[in-house]
Structures are given as structure tokens and as C-alpha cells.
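Here you get one chain, nothing else, as C-alpha cells; it is the form predicted alone.
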Amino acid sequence: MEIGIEAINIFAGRAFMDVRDIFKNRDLELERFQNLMMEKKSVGLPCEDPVTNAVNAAKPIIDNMTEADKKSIDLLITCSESGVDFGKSLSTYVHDYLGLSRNCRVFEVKQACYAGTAALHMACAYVRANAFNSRALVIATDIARAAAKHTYAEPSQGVGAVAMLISRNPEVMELDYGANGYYSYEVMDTCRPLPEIETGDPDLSLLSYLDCLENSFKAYCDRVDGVDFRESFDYLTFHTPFAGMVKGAHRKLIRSLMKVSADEIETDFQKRVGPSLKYCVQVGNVYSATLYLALASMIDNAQIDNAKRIGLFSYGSGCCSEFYSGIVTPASKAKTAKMDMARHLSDRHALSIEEYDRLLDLNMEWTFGVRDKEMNFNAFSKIYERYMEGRKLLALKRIGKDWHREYIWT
């Protein structure tokens, strides 16, 4: 039975900041800018939160469905480490504003950046086991909790969401069902111990990421006969906190598996990994959504003239990791092209450093636990009027005194 992703779409907010400008204005070392390999980072407006990003990513998929197909969605999983409540999941708001059937399971998954992968495989197993022609909607949505000003974490932190429709009609990617390698253990590399704090040990996180890549791939090879890292996968897609980290991980893994020259490694990286980074370098790290932002980028930008196998590596701090694979075809490329995701990324407001710092200050007014507060759209009216108003996007309007979040369609 074919199972996998029927449709995919991204949403990366309505504004971005040039990463080089952050380095210049924060007096960060430009040499490290080169290592980061980032171009832009998405920056959220005060009226954008994990709920609005999730809905705005999923709505174009839902709008393209017939009423009968829409009713077949009986499972909604949101994936996030950016929850707005310790008990009530984002999925309840998302379910409501997407107008999904009430005969639907809704819940949320949290496992750092691995959460999107956990939800994807859970949804695929559900669809496969269901006697009815059910579909599942998986939405990974995250925002950076703190700007981490004047640190090297700031330039890579992004906001956004990726929505995936899971079904027995995997027009975007068919999973190689059962071809998975897992590797997990407890490590305190990055965490969010308080609602508004992200912290951790970046060096430890890098080492854990590299360790998990090597060992999850080994576990994949233990399950799948005849795997060759260079020959079995036409393309590779990695969890991408920043593109430079992926380049280093690819280099380390290929060197551990075979003897190749530096030029061969660079050629392999540009050919098999490069297409997956086109969107990531314009958005930044969106945590649980990042691997699937890379997947969308891969399909849109790679040469797919016949069936191609993609190897995917998912990593979540804490930690859990997985290497798995799937098949994409020219039909995959045709399907994602309808979402016009490249245009979405190009149609964002370019922030000045003054606007950027102002947005960071405004966003701090909407921290976890805020209530009885009305959105002041005039505080960012220039961006709102040009990039949101009249576009039928979901935006946060207020948080009531009972903490209920209320949204409007722009």
C-alpha cells in the first residue's frame, strides 16, 4: 500500500531580516557569517504566532480540496515546541480556523525539532491501518522564543510552519515503508526551561547531531539490505538549523563511510544536498518544521525527471533522531509547484535593523501567559497594510482576560 505526503506547503511569515546586516549591527565576526551560510531569517509580526503560521501554511492545501476530501481528514496533529498553553494544544485553534470536521482526532506532539517527523510517521501508520479512506493533516509550526541578541544564535532563529497532508495518494512523496533507522539518548544540548528562554550548549548540540546522523544511518543500513550512501539516494535532506551545519555533517558522514577527495565531497554536496537548502537559507531554523522546509525546497529545486529516492535525516535536541527515505517523481514537482512557495518567500518585507529591533520589542509584549491584551496593528501598520491586509491570512487580534486567543482573517 502506498502511503506518504499528498500535499505540502510552507508559511514563513511576512517579514525577513538580512543575516549579514545582523552580523554588522551586532558587531559579530563576519568570518563566522561565512560558516553559517545563511542569507535571511524570517521575523514574526506581533500578530503572527504558532497558530496563525500553522493555519496560513495549511489553508491553501485545504482550499484546493473537495468537500468530500476535506471531510476525510479525521486526524490533525500539530508539532511544536512553541506552545501557547501548557494544556490546550495549538491543534484546537488550528482545527477550528481551518473548518475541519468535528469527527476528527486533534492533538499535539513535542520532541524538539524531531516532532514533525514523529507526527509524520504516526499519521502514516494511522492512515495505513485505517479501514476507511482517511487522511491526516500534520502541521509543524514554531517560533524562536527569544531573539538572543548579540549572540551567534540570533542570526539563525526563524519563524514559520510546514503543513503536510498524509494519505494513500502520496503525490508529493511516498515513504519507503519500514525503511527507518532510529538513534536516541538523553543529552542537555538545547532546551527551553522557561517559556521565554532558549538555551543550551551549541558545541554539544553539534556533536550530538553528528553522532545521531552517523548512528541513525547505521541503524537504517541494518534494516535495509545493500545500502550505499552515494548510490542509494539521489538526493539528501537534513534537519537544517543553519546550512553550514548541514555541510559539515555531510562531509563528516561521507568521510566516515568511504575514501573520497575534498573536491568529490563538495561536488556531492552541491548536487545531492544543495537543492534542499534554497529555502532554508532564506528562513532560518524553524525547529520542528525545518526538515520539511528542506524537503519542499528539494522537490522545488532539484532535477526530478524520473523517480528519485531521497534520504532524510531528522534530529531533535534532547535527543531523538531518525534516518528514513522516500520516493519523489516528476508529479511531485508538479504538485508542489502549484503552491508557488518560492513566490511566498520573495513576497516578504525586508526589514531595516531599526524595524527589526522594534519588532523584537513588540513581540516581547506577547510572551507566554499574557492575557487581556488587544493587538495594536498601528504599531506595525506599514508592514501589515502592504503584506497582510486583504490577503485572507489569519492574524492574532486579542487574548482575552480568560486567556482565550481570538483571531481575524485579514
Partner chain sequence: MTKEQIFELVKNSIREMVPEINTDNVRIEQSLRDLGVNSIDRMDIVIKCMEDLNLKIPLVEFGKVKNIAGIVELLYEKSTQ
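Fair warning: this is a prediction, and the values are worked out from it, not measured in the lab. Numbering follows the first chain given and starts at 1.
Keep in mind that the form predicted together with the partner chain is not shown, yet the notes after this line are about it.
- Although the partner is absent from the chain shown here, none of Cys221, Glu231 and Arg272 has a heavy atom within 4.5 Å of the partner chain in the predicted bound form.
- None of Ala112, Ala153, Met245, Ala302 but one reaches within 4.5 angstroms of the partner chain in the predicted bound form through a heavy atom, and that residue is Met245.
- Only one of the listed residues (Lys333, Arg309, Arg168, Arg251) places a non-hydrogen atom within 4.5 angstroms of the partner chain in the predicted bound form, and that residue is Arg251.
- Using a 4.5 angstroms threshold between heavy atoms, Ser208 counts as touching the partner chain in the predicted bound form.
- Using a 4.5 Å cutoff between non-hydrogen atoms, Lys382 does not count as a contact of the partner chain in the predicted bound form.
- Taking the partner from elsewhere, Asp347 is found to have every heavy atom lying beyond 4.5 Å of the partner chain in the predicted bound form.
- Interface residue remark: Arg255 is counted as part of the site for the partner chain in the predicted bound form, having a heavy atom within 4.5 Å.
- Contact with the partner chain, judged by heavy atoms within 4.5 Å in the predicted bound form, is confined among 54-62, 29-37, 363-371, 349-357 to 29-37.
- Contacts between 176-209 and the partner chain, taken as any heavy atom within 4.5 Å in the predicted bound form, involve Tyr185, Asp201, Asp203, Leu204, Leu206, Leu207, Ser208.
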